[in-house]
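Presented as structure tokens, the chain that follows is alone, the form predicted alone.
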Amino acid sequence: MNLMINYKEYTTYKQQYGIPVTIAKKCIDLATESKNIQLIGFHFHGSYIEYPVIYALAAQKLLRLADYARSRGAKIEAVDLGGGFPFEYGNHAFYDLAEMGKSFVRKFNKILEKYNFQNIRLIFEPGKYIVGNAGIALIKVVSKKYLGKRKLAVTDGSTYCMLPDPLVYRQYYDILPATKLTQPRIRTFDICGCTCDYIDKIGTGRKMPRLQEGDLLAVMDCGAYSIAMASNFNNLKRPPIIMVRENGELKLVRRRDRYSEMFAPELDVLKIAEPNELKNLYNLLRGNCNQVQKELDPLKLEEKV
């Protein structure tokens, strides 16, 4: 459900998903009049809500619709306030979830009383809040460049094949000098990807030690959308994923891409160019031509006679 909410810079008016609240009652009527649909709840996607008050605004509108649906005979069991609790990348702080929960529950209970709902399930979808810090990307410095006063560290990683968030969302990731953690950070680098695209920057203006080829950098808290949004731009292989267990054991949970998989759609189409297949096609054509010639030869003899 798109509840058409505006609050500060947050808005759902630009969101393409969800039934607009302006036609919600018509949709409820269609659902409750249908023999094949059982309306049991309402869902608000929300999409990365940075202000807790938005949840209360959404709950108010959803329960108002739930009350209308109940008047049409629907048995509403749940409301889903969607998700994506914001993850605190870098120094960007939002709100304490425990405090937010206490405040919201009080408001939600008042709304339930207003519409006389006794038993209704409340659903949240934490999203990247619970997986953001589950991923750490290791990238290796392959070269350094100096462009005037700017220092670039070119790595074997990329915002395309493994860390798209800085490119898509302008996401900030903390980047640590994994092999030089104890050394003073006295240089400022732009941490660059390995592609031909100048916007392939994993981080800009980052304080680092004196970096050398072969140094490893750790990109922190990239466990949310990194692999899900990654691509094979520039024919780059998406990296493997290794799970580290609490006891230190390692397990490969996603292997690195293979070129055979990346190029399979093209190779499947072009496989007619395989030498043996071309030879078979040539032989088939030659055989058919010979057969046609044999059938024409008697006609030519008759014409000569």
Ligand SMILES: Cc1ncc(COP(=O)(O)O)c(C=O)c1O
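Small disclaimer: the values here were computed from a predicted structure and weren't measured. Residues carry their position along the shown sequence, with the first being 1.
Although not depicted, the form predicted together with the named molecule is the subject of the following passage.
The candidate spot formed by His43, Gly84 and Gly127 lies fully in contact with the named molecule in the predicted bound form, as each residue has a heavy atom within 4.5 Å of it. None of 146-154, 71-79, 178-186, 118-126 except one has non-hydrogen atoms within 4.5 angstroms of the named molecule in the predicted bound form; the exception is 118-126. With a 4.5 Å cutoff on heavy atoms, Gln60 does not count as touching the named molecule in the predicted bound form; it lies far away. In the predicted bound form, Ser47 approaches the named molecule with a heavy atom inside 4.5 Å.
None of the heavy atoms of Phe108 is located within 4.5 Å of the named molecule in the predicted bound form.
Shown alone here, Tyr225 lies within 4.5 Å of the named molecule in the predicted bound form, counting heavy atoms only.
Residues in 19-35 all lack a heavy atom within 4.5 Å of the named molecule in the predicted bound form.
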